[in-house]
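As C-alpha coordinates, one chain now follows by itself in the form predicted on its own.
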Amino acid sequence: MIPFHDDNNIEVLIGTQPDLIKPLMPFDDQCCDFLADLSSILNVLPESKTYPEIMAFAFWCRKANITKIKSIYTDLDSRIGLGIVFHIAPSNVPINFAYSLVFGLLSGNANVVRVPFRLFPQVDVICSAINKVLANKKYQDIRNMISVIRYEYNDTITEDLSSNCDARVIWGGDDTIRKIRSFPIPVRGTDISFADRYSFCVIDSESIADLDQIKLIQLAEGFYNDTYLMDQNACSSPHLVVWAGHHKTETKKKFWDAVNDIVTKKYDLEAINSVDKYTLLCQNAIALEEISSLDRYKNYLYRQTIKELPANIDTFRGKCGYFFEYDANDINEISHIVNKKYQTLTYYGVDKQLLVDFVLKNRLLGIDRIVPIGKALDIGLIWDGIDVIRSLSRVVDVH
(Lines give C-alpha, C1' and ligand atoms only; values in the text may rest on other atoms or scores of the structure.)
Protein backbone atom coordinates (compact mmCIF):
# COMPACT_ATOMS: atom_id res chain seq x y z
CA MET A 1 0.00 0.00 0.00
CA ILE A 2 1.23 3.53 -0.78
CA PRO A 3 1.22 5.51 2.51
CA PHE A 4 -0.80 8.70 2.81
CA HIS A 5 0.08 10.88 5.78
CA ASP A 6 -2.45 11.49 8.54
CA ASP A 7 -1.39 15.08 9.18
CA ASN A 8 -3.70 16.65 6.58
CA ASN A 9 -0.80 17.62 4.33
CA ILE A 10 -2.41 15.66 1.49
CA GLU A 11 -5.73 16.68 -0.02
CA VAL A 12 -7.41 13.73 -1.69
CA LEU A 13 -9.46 14.79 -4.72
CA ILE A 14 -10.27 11.31 -6.00
CA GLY A 15 -10.06 7.90 -4.38
CA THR A 16 -8.28 6.65 -1.29
CA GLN A 17 -4.98 5.00 -0.53
CA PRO A 18 -4.51 2.44 -3.31
CA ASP A 19 -3.80 -1.14 -2.37
CA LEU A 20 -1.33 -3.10 -4.42
CA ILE A 21 -4.14 -4.42 -6.58
CA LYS A 22 -3.71 -6.81 -9.45
CA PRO A 23 -2.79 -4.99 -12.68
CA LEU A 24 -4.79 -5.22 -15.88
CA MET A 25 -3.84 -5.84 -19.47
CA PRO A 26 -3.40 -2.68 -21.56
CA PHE A 27 -6.61 -1.27 -23.04
CA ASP A 28 -8.77 -3.30 -20.66
CA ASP A 29 -12.43 -3.07 -21.71
CA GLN A 30 -13.50 -1.59 -18.37
CA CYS A 31 -10.86 1.14 -18.63
CA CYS A 32 -11.96 1.98 -22.15
CA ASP A 33 -15.62 2.11 -21.09
CA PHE A 34 -14.70 4.34 -18.16
CA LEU A 35 -12.97 6.83 -20.47
CA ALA A 36 -15.93 6.82 -22.86
CA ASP A 37 -18.32 7.63 -19.99
CA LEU A 38 -15.96 10.32 -18.71
CA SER A 39 -15.90 11.87 -22.17
CA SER A 40 -19.69 11.92 -22.27
CA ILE A 41 -20.01 13.61 -18.88
CA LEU A 42 -17.38 16.24 -19.63
CA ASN A 43 -19.09 17.06 -22.91
CA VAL A 44 -22.36 18.02 -21.20
CA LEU A 45 -20.98 19.81 -18.13
CA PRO A 46 -21.54 23.57 -18.49
CA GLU A 47 -18.24 24.19 -16.67
CA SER A 48 -16.33 22.24 -19.31
CA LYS A 49 -17.37 24.55 -22.11
CA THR A 50 -15.51 27.41 -20.41
CA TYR A 51 -12.20 25.65 -21.01
CA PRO A 52 -11.29 24.54 -24.56
CA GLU A 53 -8.55 22.28 -23.17
CA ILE A 54 -11.14 20.30 -21.19
CA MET A 55 -13.28 19.87 -24.28
CA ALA A 56 -10.18 18.71 -26.16
CA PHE A 57 -9.47 16.16 -23.43
CA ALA A 58 -13.07 14.93 -23.57
CA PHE A 59 -12.80 14.59 -27.34
CA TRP A 60 -9.55 12.64 -26.96
CA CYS A 61 -11.14 10.21 -24.48
CA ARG A 62 -14.15 9.43 -26.67
CA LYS A 63 -14.71 5.77 -27.52
CA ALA A 64 -13.91 6.14 -31.22
CA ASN A 65 -10.49 7.66 -30.52
CA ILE A 66 -9.49 5.10 -27.87
CA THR A 67 -10.58 2.30 -30.19
CA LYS A 68 -8.51 3.81 -33.00
CA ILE A 69 -5.45 4.08 -30.76
CA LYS A 70 -5.90 0.54 -29.50
CA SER A 71 -5.97 -0.79 -33.06
CA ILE A 72 -2.39 0.45 -33.53
CA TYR A 73 -1.18 -1.90 -30.80
CA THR A 74 -1.37 -5.40 -32.24
CA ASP A 75 1.09 -7.13 -29.93
CA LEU A 76 -0.34 -6.61 -26.43
CA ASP A 77 -1.71 -10.11 -25.78
CA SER A 78 1.18 -10.99 -23.49
CA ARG A 79 1.49 -7.62 -21.71
CA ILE A 80 0.25 -6.55 -18.29
CA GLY A 81 0.57 -3.39 -16.18
CA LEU A 82 3.49 -2.85 -13.81
CA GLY A 83 1.40 -2.20 -10.67
CA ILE A 84 1.18 1.31 -9.17
CA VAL A 85 2.34 4.39 -11.04
CA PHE A 86 3.10 7.65 -9.22
CA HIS A 87 2.55 10.66 -11.49
CA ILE A 88 3.93 14.14 -10.75
CA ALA A 89 2.12 16.61 -13.01
CA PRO A 90 3.68 19.92 -14.10
CA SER A 91 2.82 22.99 -12.05
CA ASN A 92 1.93 25.25 -14.99
CA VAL A 93 -0.28 23.09 -17.25
CA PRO A 94 -3.54 22.30 -15.42
CA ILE A 95 -4.90 19.69 -17.83
CA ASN A 96 -1.77 17.56 -18.01
CA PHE A 97 -2.53 15.44 -14.93
CA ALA A 98 -5.60 14.00 -16.66
CA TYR A 99 -3.65 12.76 -19.67
CA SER A 100 -0.98 11.27 -17.42
CA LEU A 101 -3.68 9.42 -15.47
CA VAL A 102 -5.10 8.04 -18.72
CA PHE A 103 -1.61 6.90 -19.74
CA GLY A 104 -1.39 4.86 -16.55
CA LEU A 105 -4.89 3.41 -16.82
CA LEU A 106 -4.58 2.36 -20.45
CA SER A 107 -1.28 0.67 -19.60
CA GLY A 108 -3.10 -1.44 -17.00
CA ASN A 109 -1.91 0.27 -13.81
CA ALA A 110 -3.25 1.71 -10.58
CA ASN A 111 -2.34 5.39 -10.30
CA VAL A 112 -1.50 8.03 -7.74
CA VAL A 113 -1.49 11.43 -9.44
CA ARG A 114 -0.18 14.57 -7.81
CA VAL A 115 -1.86 17.64 -9.32
CA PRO A 116 -0.42 21.18 -9.10
CA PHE A 117 -0.69 22.77 -5.66
CA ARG A 118 -1.84 25.97 -7.34
CA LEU A 119 -5.63 25.88 -7.61
CA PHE A 120 -6.74 25.51 -11.22
CA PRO A 121 -10.51 25.31 -11.89
CA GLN A 122 -9.83 22.89 -14.76
CA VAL A 123 -8.51 20.34 -12.24
CA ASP A 124 -11.68 20.58 -10.14
CA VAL A 125 -13.95 20.22 -13.16
CA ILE A 126 -12.22 17.07 -14.37
CA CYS A 127 -11.95 15.53 -10.89
CA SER A 128 -15.66 16.17 -10.28
CA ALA A 129 -16.51 14.42 -13.56
CA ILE A 130 -14.25 11.45 -12.73
CA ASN A 131 -15.91 11.07 -9.33
CA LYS A 132 -19.33 11.04 -11.00
CA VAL A 133 -18.28 8.22 -13.33
CA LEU A 134 -16.67 6.25 -10.50
CA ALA A 135 -19.93 6.36 -8.55
CA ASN A 136 -21.21 3.74 -11.01
CA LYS A 137 -20.86 0.27 -9.45
CA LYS A 138 -19.66 -0.94 -12.82
CA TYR A 139 -16.34 0.77 -12.14
CA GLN A 140 -15.54 -0.66 -8.72
CA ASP A 141 -12.20 -2.02 -9.95
CA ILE A 142 -11.31 1.25 -11.68
CA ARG A 143 -12.20 3.18 -8.51
CA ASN A 144 -9.47 1.29 -6.69
CA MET A 145 -6.96 2.22 -9.39
CA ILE A 146 -7.25 6.01 -9.14
CA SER A 147 -6.01 8.38 -6.47
CA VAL A 148 -5.66 12.07 -7.31
CA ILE A 149 -4.00 14.14 -4.62
CA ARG A 150 -2.77 17.66 -3.99
CA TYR A 151 -0.02 18.73 -1.62
CA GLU A 152 2.47 21.55 -1.34
CA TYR A 153 6.11 20.77 -2.11
CA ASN A 154 7.06 18.23 0.54
CA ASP A 155 10.11 16.02 0.13
CA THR A 156 8.98 13.55 2.78
CA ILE A 157 5.66 12.85 1.05
CA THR A 158 7.22 12.62 -2.40
CA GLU A 159 9.93 10.30 -1.12
CA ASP A 160 7.39 8.02 0.57
CA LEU A 161 5.22 7.83 -2.52
CA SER A 162 8.26 7.19 -4.71
CA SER A 163 9.55 4.38 -2.50
CA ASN A 164 6.29 2.44 -2.83
CA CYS A 165 5.52 2.70 -6.55
CA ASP A 166 6.33 0.39 -9.44
CA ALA A 167 6.81 3.25 -11.89
CA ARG A 168 7.07 7.01 -11.71
CA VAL A 169 6.06 9.53 -14.38
CA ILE A 170 7.61 12.95 -13.86
CA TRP A 171 6.55 16.06 -15.77
CA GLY A 172 8.42 19.31 -15.23
CA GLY A 173 11.50 21.40 -15.64
CA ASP A 174 14.99 19.98 -15.52
CA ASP A 175 15.57 21.01 -11.90
CA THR A 176 12.28 19.48 -10.78
CA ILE A 177 13.09 16.19 -12.47
CA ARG A 178 16.57 16.05 -10.98
CA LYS A 179 15.16 16.70 -7.50
CA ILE A 180 12.47 14.02 -7.75
CA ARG A 181 14.92 11.52 -9.26
CA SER A 182 17.01 11.92 -6.12
CA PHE A 183 14.25 10.07 -4.26
CA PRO A 184 14.79 6.34 -4.93
CA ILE A 185 12.15 4.02 -6.30
CA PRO A 186 12.15 0.22 -5.82
CA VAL A 187 14.98 -1.58 -7.61
CA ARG A 188 12.65 -2.92 -10.29
CA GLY A 189 10.88 0.40 -10.64
CA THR A 190 10.63 2.34 -13.90
CA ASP A 191 11.17 6.08 -14.27
CA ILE A 192 9.75 8.06 -17.19
CA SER A 193 10.55 11.76 -17.36
CA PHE A 194 8.93 14.35 -19.59
CA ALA A 195 11.27 17.29 -19.26
CA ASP A 196 11.16 20.90 -20.38
CA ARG A 197 11.20 21.01 -24.19
CA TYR A 198 11.27 23.58 -27.00
CA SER A 199 9.14 23.64 -30.14
CA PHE A 200 8.98 25.68 -33.33
CA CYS A 201 6.96 26.12 -36.51
CA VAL A 202 7.76 26.16 -40.23
CA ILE A 203 5.44 27.95 -42.67
CA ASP A 204 5.70 28.20 -46.45
CA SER A 205 4.93 31.81 -47.31
CA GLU A 206 3.67 31.06 -50.82
CA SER A 207 1.03 28.71 -49.40
CA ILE A 208 -0.26 31.55 -47.23
CA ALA A 209 -0.48 33.83 -50.26
CA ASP A 210 -2.83 31.35 -51.96
CA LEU A 211 -5.25 31.03 -49.02
CA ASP A 212 -8.79 32.35 -49.23
CA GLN A 213 -10.28 34.09 -46.18
CA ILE A 214 -12.03 31.01 -44.76
CA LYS A 215 -8.92 28.82 -44.89
CA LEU A 216 -6.80 31.67 -43.54
CA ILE A 217 -9.08 31.99 -40.50
CA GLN A 218 -8.94 28.23 -39.95
CA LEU A 219 -5.14 28.31 -40.03
CA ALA A 220 -5.01 31.28 -37.65
CA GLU A 221 -7.35 29.50 -35.23
CA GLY A 222 -5.15 26.42 -35.34
CA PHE A 223 -2.08 28.51 -34.54
CA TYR A 224 -3.99 30.24 -31.74
CA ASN A 225 -4.89 26.85 -30.24
CA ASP A 226 -1.27 25.71 -30.42
CA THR A 227 0.01 28.74 -28.56
CA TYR A 228 -2.43 30.95 -26.68
CA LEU A 229 -4.55 28.20 -25.08
CA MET A 230 -1.63 27.34 -22.78
CA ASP A 231 0.03 30.80 -22.83
CA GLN A 232 2.91 29.05 -24.67
CA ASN A 233 3.64 27.07 -21.49
CA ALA A 234 3.10 23.70 -23.17
CA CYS A 235 6.30 22.05 -24.38
CA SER A 236 4.72 21.60 -27.80
CA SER A 237 3.76 25.28 -28.23
CA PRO A 238 6.03 27.03 -30.75
CA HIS A 239 8.20 29.99 -29.79
CA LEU A 240 9.97 30.38 -33.12
CA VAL A 241 8.35 30.67 -36.56
CA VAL A 242 10.59 29.86 -39.53
CA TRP A 243 9.38 31.20 -42.89
CA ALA A 244 10.22 29.37 -46.11
CA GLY A 245 9.42 30.38 -49.68
CA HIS A 246 9.35 33.77 -51.42
CA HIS A 247 7.33 36.99 -51.01
CA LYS A 248 7.56 36.67 -47.25
CA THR A 249 6.81 40.27 -46.25
CA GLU A 250 3.27 40.42 -47.61
CA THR A 251 2.30 36.90 -46.62
CA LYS A 252 3.67 37.25 -43.09
CA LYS A 253 1.51 40.32 -42.56
CA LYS A 254 -1.50 38.46 -43.94
CA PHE A 255 -0.93 35.58 -41.52
CA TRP A 256 -0.21 37.63 -38.41
CA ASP A 257 -3.13 39.99 -39.03
CA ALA A 258 -5.42 36.95 -39.11
CA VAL A 259 -3.88 35.57 -35.91
CA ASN A 260 -4.27 38.94 -34.21
CA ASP A 261 -7.95 39.06 -35.17
CA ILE A 262 -8.51 35.71 -33.44
CA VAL A 263 -6.46 36.71 -30.39
CA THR A 264 -8.30 39.99 -29.78
CA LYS A 265 -11.63 38.17 -29.93
CA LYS A 266 -10.77 35.15 -27.80
CA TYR A 267 -7.77 35.79 -25.56
CA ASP A 268 -8.01 37.18 -22.05
CA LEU A 269 -4.63 38.83 -21.48
CA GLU A 270 -4.23 39.38 -17.76
CA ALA A 271 -2.42 42.52 -16.65
CA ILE A 272 0.37 40.60 -14.92
CA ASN A 273 1.04 38.55 -18.06
CA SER A 274 1.13 41.71 -20.14
CA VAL A 275 3.76 43.22 -17.82
CA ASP A 276 5.80 40.00 -17.76
CA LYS A 277 5.73 39.76 -21.55
CA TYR A 278 6.90 43.33 -21.98
CA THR A 279 9.67 42.78 -19.42
CA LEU A 280 10.76 39.69 -21.36
CA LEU A 281 10.79 41.75 -24.54
CA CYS A 282 13.14 44.29 -22.97
CA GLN A 283 15.43 41.57 -21.62
CA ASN A 284 15.67 39.86 -25.01
CA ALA A 285 16.37 43.15 -26.76
CA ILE A 286 19.49 43.43 -24.61
CA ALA A 287 20.54 39.78 -24.74
CA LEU A 288 19.93 39.02 -28.43
CA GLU A 289 22.17 40.93 -30.80
CA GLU A 290 20.60 39.14 -33.77
CA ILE A 291 17.22 40.92 -33.45
CA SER A 292 16.57 43.06 -36.51
CA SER A 293 12.98 44.29 -36.02
CA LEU A 294 9.93 44.20 -33.78
CA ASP A 295 6.23 44.27 -34.64
CA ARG A 296 3.70 44.74 -31.84
CA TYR A 297 -0.06 44.34 -32.02
CA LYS A 298 -0.71 46.27 -28.83
CA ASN A 299 0.07 43.81 -26.01
CA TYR A 300 -1.63 40.83 -27.64
CA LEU A 301 1.06 39.81 -30.09
CA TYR A 302 4.81 40.42 -30.34
CA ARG A 303 6.90 39.45 -33.38
CA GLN A 304 10.68 39.75 -33.13
CA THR A 305 12.60 39.07 -36.33
CA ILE A 306 15.97 37.35 -36.02
CA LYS A 307 18.44 38.02 -38.84
CA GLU A 308 20.65 35.10 -37.80
CA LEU A 309 19.61 32.16 -35.61
CA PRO A 310 21.94 31.69 -32.65
CA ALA A 311 22.59 28.10 -31.64
CA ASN A 312 21.02 28.79 -28.24
CA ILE A 313 17.73 30.23 -29.51
CA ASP A 314 15.92 27.54 -27.49
CA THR A 315 16.90 29.42 -24.31
CA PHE A 316 14.79 32.38 -25.46
CA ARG A 317 11.15 31.60 -24.90
CA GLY A 318 7.94 33.36 -25.76
CA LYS A 319 5.04 33.95 -23.42
CA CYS A 320 1.36 34.76 -23.95
CA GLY A 321 1.82 35.53 -27.64
CA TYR A 322 5.50 36.40 -28.09
CA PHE A 323 7.22 34.88 -31.14
CA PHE A 324 10.60 34.99 -32.80
CA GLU A 325 10.71 34.88 -36.62
CA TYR A 326 13.39 33.84 -39.06
CA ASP A 327 13.45 33.82 -42.88
CA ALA A 328 15.06 30.67 -44.28
CA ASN A 329 16.12 29.96 -47.84
CA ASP A 330 16.48 26.26 -47.06
CA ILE A 331 15.19 24.37 -44.03
CA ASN A 332 18.54 22.63 -43.68
CA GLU A 333 20.23 25.91 -42.81
CA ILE A 334 18.64 25.84 -39.35
CA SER A 335 19.84 22.34 -38.47
CA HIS A 336 22.53 23.80 -36.21
CA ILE A 337 19.97 24.99 -33.65
CA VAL A 338 18.29 21.62 -33.08
CA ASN A 339 19.42 19.83 -29.92
CA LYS A 340 17.88 17.36 -27.49
CA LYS A 341 15.59 20.07 -26.13
CA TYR A 342 13.54 20.19 -29.32
CA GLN A 343 10.22 18.36 -29.21
CA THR A 344 7.54 19.40 -31.72
CA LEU A 345 7.80 20.86 -35.20
CA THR A 346 4.49 22.22 -36.52
CA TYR A 347 4.16 23.11 -40.18
CA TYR A 348 1.95 24.50 -42.91
CA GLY A 349 2.43 24.33 -46.67
CA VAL A 350 5.63 22.30 -46.38
CA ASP A 351 5.98 18.72 -47.60
CA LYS A 352 6.11 16.68 -44.39
CA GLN A 353 8.54 14.20 -45.96
CA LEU A 354 10.92 17.12 -46.45
CA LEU A 355 10.70 17.74 -42.70
CA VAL A 356 11.24 14.07 -41.88
CA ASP A 357 14.33 14.10 -44.09
CA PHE A 358 15.46 17.27 -42.32
CA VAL A 359 15.55 15.32 -39.04
CA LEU A 360 16.93 12.03 -40.34
CA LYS A 361 19.47 13.16 -42.91
CA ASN A 362 20.90 15.82 -40.61
CA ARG A 363 21.03 13.17 -37.85
CA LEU A 364 19.40 15.54 -35.40
CA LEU A 365 19.30 14.79 -31.69
CA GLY A 366 15.96 16.54 -31.27
CA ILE A 367 12.44 16.82 -32.78
CA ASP A 368 10.20 13.93 -31.72
CA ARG A 369 6.99 15.10 -33.38
CA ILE A 370 6.09 16.64 -36.74
CA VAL A 371 2.44 17.73 -36.90
CA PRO A 372 0.36 20.29 -38.83
CA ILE A 373 -0.42 23.66 -37.29
CA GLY A 374 -3.40 23.19 -34.97
CA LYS A 375 -2.24 19.79 -33.72
CA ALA A 376 0.61 20.84 -31.40
CA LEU A 377 -1.36 20.11 -28.23
CA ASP A 378 -2.77 16.78 -29.46
CA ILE A 379 -1.15 14.47 -26.95
CA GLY A 380 -0.59 10.82 -27.83
CA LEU A 381 0.53 7.56 -26.27
CA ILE A 382 3.88 8.09 -27.95
CA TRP A 383 5.19 11.29 -26.36
CA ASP A 384 8.69 12.75 -26.40
CA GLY A 385 9.68 9.68 -28.41
CA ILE A 386 8.53 7.35 -25.61
CA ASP A 387 5.92 4.62 -26.15
CA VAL A 388 3.99 5.01 -22.89
CA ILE A 389 1.95 1.80 -23.16
CA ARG A 390 5.02 -0.37 -23.63
CA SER A 391 7.05 1.55 -21.06
CA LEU A 392 4.40 1.18 -18.33
CA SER A 393 3.66 -2.49 -18.93
CA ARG A 394 5.75 -5.66 -18.94
CA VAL A 395 5.97 -8.58 -21.33
CA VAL A 396 5.22 -12.15 -20.26
CA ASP A 397 7.78 -13.88 -22.44
CA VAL A 398 6.41 -17.17 -23.73
CA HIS A 399 8.40 -19.82 -25.70
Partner chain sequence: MMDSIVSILNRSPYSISSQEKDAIYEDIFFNLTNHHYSNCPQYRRILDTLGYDTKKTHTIDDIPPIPVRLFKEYELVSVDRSKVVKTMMSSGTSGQKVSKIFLDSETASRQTKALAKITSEFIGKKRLPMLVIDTKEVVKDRNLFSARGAGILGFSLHGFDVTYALDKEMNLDIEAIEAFSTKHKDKDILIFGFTYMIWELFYKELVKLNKKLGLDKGILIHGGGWKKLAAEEVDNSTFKKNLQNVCGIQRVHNYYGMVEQTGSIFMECEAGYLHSSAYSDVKMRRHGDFSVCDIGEVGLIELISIIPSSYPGHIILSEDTGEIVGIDDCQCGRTGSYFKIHGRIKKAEIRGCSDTFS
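Positions refer to the first chain, counted from 1. Between two forms, the rigid core is defined as the largest C-alpha subset superposing within 1.5 Å. Being a predicted model, the structure only gives us computed values, none of them experimental.
Not on display, but discussed next: the form predicted together with the partner chain.
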Q: With heavy atoms only and a cut-off of 4.5 Å, decide whether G173 touches the partner chain in the model of the complex.
A: yes
(Q) At 4.5 Å between heavy atoms, is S162 in contact with the partner chain in the model of the complex? (A) no
Q | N225, heavy atom within 4.5 angstroms of the partner chain in the model of the complex | A | no
Q.
How about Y300 - does it come within 4.5 Å of the partner chain in the model of the complex, if we only consider non-hydrogen atoms?
A. yes
Q. Of 242 to 250, 72 to 80, 126 to 134, 272 to 280, which is the one stretch near the partner chain in the model of the complex, taking non-hydrogen atoms within 4.5 angstroms as near?
A. 272 to 280
(Q) So the partner chain isn't shown here. In the model of the complex, which residue out of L294, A328, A311, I217 has a non-hydrogen atom within 4.5 Å of it? (A) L294
Q: Identify which of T190, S193, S207, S91 has a heavy atom within 4.5 Å of the partner chain in the model of the complex; exactly one of them does.
A: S91
Q) Is the partner chain in the model of the complex near all of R118, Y153 and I180, within 4.5 Å of a heavy atom of each? A) yes
Q.
With the partner chain taken in the model of the complex, which residues across 227 to 260 come within 4.5 angstroms through any non-hydrogen atom?
A. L229, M230, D231, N233, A234, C235
Q: Superpose the two forms on their rigid core, then report whether the C-alpha of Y51 is displaced by 2 angstroms or more between the shown form and the other one.
A: yes
**Q.** Flag for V93, CA shift 2 Å or larger between the shown form and the other one after aligning core
**A.** yes
